[in-house]
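Below you'll find only one chain, the form predicted alone, shown as structure tokens.
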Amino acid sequence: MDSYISISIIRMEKSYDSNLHEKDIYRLWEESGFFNPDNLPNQSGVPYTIIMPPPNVTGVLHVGHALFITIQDILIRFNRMQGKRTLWLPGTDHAAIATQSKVEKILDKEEGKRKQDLGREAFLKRVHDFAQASHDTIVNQLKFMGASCDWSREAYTLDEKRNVAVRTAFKRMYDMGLIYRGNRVINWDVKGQTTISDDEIVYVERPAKMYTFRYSKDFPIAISTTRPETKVGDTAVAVHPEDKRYTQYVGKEYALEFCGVPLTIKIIADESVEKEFGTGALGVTPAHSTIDAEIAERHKLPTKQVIDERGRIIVGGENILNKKTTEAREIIVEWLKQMGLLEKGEDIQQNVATAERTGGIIEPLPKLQWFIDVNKEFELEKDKSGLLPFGTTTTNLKQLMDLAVKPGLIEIIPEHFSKTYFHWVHNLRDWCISRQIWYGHRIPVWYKGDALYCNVTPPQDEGWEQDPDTLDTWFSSGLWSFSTLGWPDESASDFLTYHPTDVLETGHDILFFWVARMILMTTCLTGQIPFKKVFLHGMVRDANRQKMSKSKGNIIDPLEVGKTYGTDALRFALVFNTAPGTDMALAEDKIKGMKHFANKLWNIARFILSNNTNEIDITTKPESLTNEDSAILQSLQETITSTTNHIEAFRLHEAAQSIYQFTWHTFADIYIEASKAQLQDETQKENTQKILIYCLSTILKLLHPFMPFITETIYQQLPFPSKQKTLMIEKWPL
């Protein structure tokens, strides 16, 4: 109450200074307790939930984060003002590989040490301290942006509650036969010394050479490859069954020596081979290519590993043994030339697989890892969302992911991203979930000799050793929509009230990383969908639509521009011309323009309040005494309707434009000018004052989700004896 009184007596200065008000306004909101839905008055009982996509604890928020905070806060404030039991649950992500890599770089730069020099426990303490400091910074930045989330429910992907949820999920899926340990070809990050998923690969276009050659002089088929060094691990050559050039050779085997390495090459026919690519013949390296591994499995070919985790050759004589792959490539090419086996070498552009977090080259390697089987059939214990056809209980994870995205269940906005989603699901392979890093959720499996123990809690007797690997970050993130609400206790009040959530709002770039995996984990473990709508925003780019980066010097720091122009100006600029799913160009001039709009609103309020010192309690719409009165009240009603419809349809840019147009041009430029004469007429003065206050209060309500700070500051000056303690819980205009 004290904050309310102190703010309500602030004198409106000639121009709006955001730095004078924003901290006090946020403190008012926090002290009101209304971020927590349990404290909201006049609730309809209808829940509305958004679980915040947790920012990584690897640094500070950038302008892309500012966009998602703004969009979600708009949706939350809008629904809160509609009287819903509105929960926006905040949290942060431990981001295992990214955070560990960051601390390793700091350790190396500042102390010249590696993590092994500290040991696992001491190193993890360093990572924890770094993550905590980053978390504190991020929370302050979220508050700076005006995020009206319930801090009492804040979660962290690596806190104890989420740790229990992760271990429970692993145990249940292991018991269902969906999690298994096996030898498969995985993506190995040579620099980071860990596996990564397909979706964590970044393809970088680089110049390369395409070599065409034969294994030996008497080998009948030439093959083409950019990686001759892997050919020391070949066990077959695959051709298309309908390629008449090679039909006569199919089924034959050839024993030969390739650069000092003995090989047995079998000619096989497989429909996956492209007849038009290269020579139409594919050298099959089962140990170092996922595609080749699948061919080898179909044809029961042997697998021979020839590259190790360091990216070095582990077969052959002194000429190539222990050489890096790039060195071995040059040696083998020179050998091919000397032997007269090289037919040609062509300069090409090649997409090279690199690790997203470390930039290291990816080597496909056969390794013993933990996987989620996306094709294995199982009995869905409960189907609370009607995912499966009536009477069906047997399913698999790919089917659940496929069935979840349809009308009446999950809607993806914009709709065209649904096609991208389905294409990814239909081509999904088993998900490798183990990582060879120290930071993260440790796999809840223990070994003693040949015995294996999997459980939520460790074994009680001695002699067991826990699996050293940690889980893929996306495994724990995949539980986020329900682990934050009390799961695995499905009787928890929050889980029963707020799940499934209403909206997942995030960038379209993590549709596969996170959105799809949340659908996979939630449908499997709860029998529910995680959310009803997926709202995808685009990337924030600079004025020339270039990607923002430090090297280009075109980064806009949301905190700096917020301090210069006000947080409201930044928020309004971020959504004003941003259609769902499309990238947006953001220039400082655009933010500056929205600062002018904030000043315009401030001046409107100063004019109206300076011409009305009486307390006015408006419970009904004022009368229309003049044509100008009728026109402004009709236009205001149209603005209310259009703004409401646009927000409900996630057209936030059109909602913002509708309010802007009415406030600046229709209300300020036309009606306020006309009101100056009406205020001099005693027969019209009181009604004109009511209309001005009525329009201003309605504008503040409509603008509040978009520009919460300035609207709240002005609201506290309004002479309403019956107004709420904060604009945040005023009723949305009808």
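Counting begins at 1, following the sequence as shown. Just so it is clear, the structure is predicted and the values come from calculations on it, not from any experiment.
Just so you know, the form predicted together with the RNA exists too; it's not on screen, but the next bit is about it.
Asks: Quick check for you: of 307-315, 117-125, 602-610, 82-90, which stretch puts a non-hydrogen atom within 4.5 Å of the RNA in the predicted bound form?
Replies: Heavy-atom contact with the partner occurs in 602-610.
Asks: Heavy atom to heavy atom, is Trp335 within 4.5 Å of the RNA in the predicted bound form?
Replies: Contact with the RNA, no.
Asks: For Tyr254, is any heavy atom within 4.5 Å of the RNA in the predicted bound form, or not?
Replies: Tyr254: no contact with the RNA in the predicted bound form.
Asks: Does the 4.5 Å heavy atom contact test between His596 and the RNA in the predicted bound form come out positive?
Replies: Result yes; His596 sits at the interface with the RNA in the predicted bound form.
Asks: Do Ala579 and the RNA come within 4.5 Å of each other in the predicted bound form, heavy atoms counted?
Replies: Contact check for Ala579: yes, within 4.5 Å of the RNA in the predicted bound form.
Asks: Report the residue, out of Glu379, Asp347, Asp589, Glu462, that has at least one non-hydrogen atom within 4.5 angstroms of the RNA in the predicted bound form.
Replies: Contact residue from the list: Asp589.
Asks: Looking at Gln436, Thr644, Thr395, Ser224, which has any heavy atom no more than 4.5 Å from the RNA in the predicted bound form?
Replies: Only one option qualifies, and that one is Ser224.
Asks: So which residues in 671-688, when you check the RNA in the predicted bound form, have a heavy atom no farther than 4.5 Å from it?
Replies: Ile672, Glu673, Lys676, Leu679, Gln680, in sequence order.
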